[in-house]
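In structure tokens, the next block holds one chain alone, the form predicted alone.
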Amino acid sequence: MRWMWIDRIVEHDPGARLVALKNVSLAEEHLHDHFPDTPIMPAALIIEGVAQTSGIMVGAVNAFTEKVLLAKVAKVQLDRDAQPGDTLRYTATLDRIDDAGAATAAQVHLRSNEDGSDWECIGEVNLMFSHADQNMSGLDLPEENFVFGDNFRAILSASGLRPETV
């Protein structure tokens, strides 16, 4: 199973906002494991998509020099499931950032490509992130940013963010 829950970044206002899209495809393994007769994307994976979007936004503030880790899921409200053929749009905004970490708020919108509907807001997710290098000092953390693999670097590069520093 892949661990990326966003497909591309479509907007980035540095230090303020990042928007990413996720196309829900029947080719994804998790859709066959959950409710085979009515496949849906589990809410936990939608929340992870929001966390990846928000974490990239937080990391970009300091040019990815800090290791950004999800520290707390402060609020989740999701009103609708996503199904194959739907597109999710994660719009993350930065509420606060300092040396210790950051707080973010995000909206989740869904567009059903089957009926060509407009974007519908289906939920909100508030997250808190920790800057691992600041908060876990004394631990032997790897020098490289261990969160971003090659697939994430490709998404960052395609969006104009500087993955060479990651």
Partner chain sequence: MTHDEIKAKVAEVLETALGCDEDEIVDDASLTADLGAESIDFLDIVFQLEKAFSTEAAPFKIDQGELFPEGIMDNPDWVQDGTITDQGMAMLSERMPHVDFSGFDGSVSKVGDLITVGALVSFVERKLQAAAA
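Residue numbers count along the first chain shown, from 1. None of these values were measured; they are calculated from a predicted model.
Quick note: we don't show the form predicted together with the partner chain, though the next part is all about it.
Interface residue remark: G59 is not counted as part of the site for the partner chain in the model of the complex, having no heavy atom within 4.5 Å. Taking non-hydrogen atoms only, A71 approaches the partner chain to within 4.5 angstroms in the model of the complex. In the model of the complex, at least one heavy atom of M128 sits within 4.5 Å of the partner chain. Proximity of I40 to the partner chain in the model of the complex falls outside the 4.5 Å heavy atom cutoff.
Judged by heavy atoms within 4.5 Å of the partner chain in the model of the complex, the contact stretch among the candidates 24-32, 109-117, 43-51, 93-101 is 93-101.
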